[in-house]
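Each of two forms of one protein chain follows alone as structure tokens, named structure 1 and structure 2.
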Structure 1
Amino acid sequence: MANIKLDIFRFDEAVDSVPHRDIVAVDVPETMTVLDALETAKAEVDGSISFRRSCRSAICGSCSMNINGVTGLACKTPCNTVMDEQGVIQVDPMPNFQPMRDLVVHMDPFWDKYTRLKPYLQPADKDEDHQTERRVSPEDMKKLVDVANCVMCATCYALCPVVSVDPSFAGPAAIAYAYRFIEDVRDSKREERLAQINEDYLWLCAHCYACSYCPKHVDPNDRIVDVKRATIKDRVMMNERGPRHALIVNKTVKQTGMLAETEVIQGTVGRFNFRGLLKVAPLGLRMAAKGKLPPPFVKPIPKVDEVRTIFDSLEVPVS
């Protein structure tokens, strides 16, 4: 047995104006999960401690919370892997969410973004037109297996720095789940889904890989890359800045082995978008004043053919 001290974030939006912290000590085996320790604390010490939980088997995704600064599933986190030398474990609600009561947060923004994508199969015909279920080949199903493991725990959403600065971003889970239907051969709304996820700021993703810390190993970052590639492949909303930026970066790096920043700015904003170019002109003037203005033309680096070979091997689309 170990004496584990849970340093718990406490807040009740109905009565509190500011949060506070309580340290609750429990005697439990150190191999117990953080969720088990919280259950013991609620049952034996303070029944007012509030948190979400259900399956205790990393299937439902309910018990996602911030444990010692890292968001994850409490039912999958043994105490002895996170407690410090004094046996203290700090437990907080997920970031990027508004706390409701203690470790319980308002999930509405997360579910609203998920629902906007219509996360259900939309085939071209009706079920009654089929004598048997719609079949999917093993090869087609392989693309969907990993993302189908998502339990919507919102860990990736809580860890996403883009969500923290721009709540309009759909978030990693929603985009990954959009991929699940975009690539489903039984679905008939591929173009509509790609357009919707583009409208929900797909291209704001900074590819920082924070969402790769996924308790179910879905790795939403790779699915976001796949959705961006599908957008370009299907030429959906190609006049938006996101696709234009991706293509011009790809083009300049393949041509020269370097990022031609001047060309990237023009290609992203639009070469004949004079109003847009005027808006970025002050930035160019400040860079010029600091001696940081990029050269208007970039010569290919030595052995640029090796860079081009990498692009060709990855089959990166180029306009």
Structure 2
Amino acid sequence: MANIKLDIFRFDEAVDSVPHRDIVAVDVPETMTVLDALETAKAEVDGSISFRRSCRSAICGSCSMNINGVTGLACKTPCNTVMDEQGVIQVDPMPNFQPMRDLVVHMDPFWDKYTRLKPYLQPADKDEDHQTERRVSPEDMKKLVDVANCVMCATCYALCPVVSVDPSFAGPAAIAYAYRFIEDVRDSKREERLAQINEDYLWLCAHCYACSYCPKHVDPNDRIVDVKRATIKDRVMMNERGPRHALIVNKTVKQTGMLAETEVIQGTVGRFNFRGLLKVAPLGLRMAAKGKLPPPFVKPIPKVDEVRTIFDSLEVPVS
């Protein structure tokens, strides 16, 4: 048994203007989960402590919260992995969401982004009488099972630094779930789906891998890369900055062996997009004043023909 002291964020939007904290002590076996400790606190000490939970076994996705500042499922986190020497564990609501009551947050933005995906199969024929079986080969299914494990706990969304400054970004879970339908051979809306997730700022993912902490190993970060590749392969919205940036980087690496910064900036923003270039210009001028501008041309590396051989051997033709 251990004496666990839960240091809990307390707030009720209906009555409080500012949150406060309560420390609630419970005696539980130290191998019990943080969720178990919270349940004990609610049952034995203070019935008003609010949190979401259902399955208690990492399936329903309800109990995501911050535990010592790290977002994760309370029902998957044993107390002895997070408590300090005094047995203290801090619990807070997920970041990137509006708190509602204690550990419960308003999930609406997360669900809205998910609903926008039309997260259901849209086959070519409607088959209203449900007469035919829709078969998928095991290989085709293999790509989808990891994403299908998503329990929509929003851990990844809470961890995403882009969401934290720009809520218009779809966020990791929604893009991963878009992938689940984009790559489903039974679906007929691949192009629409790709266009839509591009509009919801697919390319705004910053590659930070914070969402690699997904408790169900969906690895949204890798699925986001897959959706980008599908976008380029299908040549969807190729005039947007994201795909343009990707292609220009590839081009300069192929030509010089290096990422030529100046050319990449012009190629991404648009060489004749003067308004866009002016936006990056103030920083450019500040850098120029310090002698810090990248060179206008990059000298190819020695044996650059080897790099071209690599590209030529593996390139799926992109212009």
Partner chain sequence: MSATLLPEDRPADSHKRSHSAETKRYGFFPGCVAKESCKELFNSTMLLADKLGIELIELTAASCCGASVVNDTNRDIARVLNARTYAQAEALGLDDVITICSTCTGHMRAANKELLENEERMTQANSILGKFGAKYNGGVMVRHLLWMLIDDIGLDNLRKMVVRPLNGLKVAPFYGCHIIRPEKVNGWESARNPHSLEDVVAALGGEPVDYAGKTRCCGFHIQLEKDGVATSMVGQNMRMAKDKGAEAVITPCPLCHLALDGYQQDAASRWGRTDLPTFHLPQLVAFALGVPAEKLGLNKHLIDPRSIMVERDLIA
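If you superpose the two forms and keep the largest set of C-alpha atoms that fall within 1.5 Å, you have the rigid core. Along the sequence of structure 1, residues get numbers from 1 upward. Since we're looking at a predicted model, the values are computed, not measured.
Peer 1: Between the two chains shown, which is the form predicted in complex with the partner chain?
Peer 2: That would be structure 2, which is the form predicted in complex with the partner chain.
Peer 1: With both forms fit on the core, is the shift of the CA atom of Asp129 between the two structures 2 Å or larger?
Peer 2: Shift of 2 Å or more: yes.
Peer 1: Quick check on Arg10: with the core superposed, does its CA move 2 angstroms or more between the two structures?
Peer 2: Shift at Arg10: below 2 Å after core fit.
Peer 1: Core-aligned, what does the C-alpha of Pro302 shift between the two structures, expressed in angstrom?
Peer 2: That residue's C-alpha sits 3.2 Å away in the other form.
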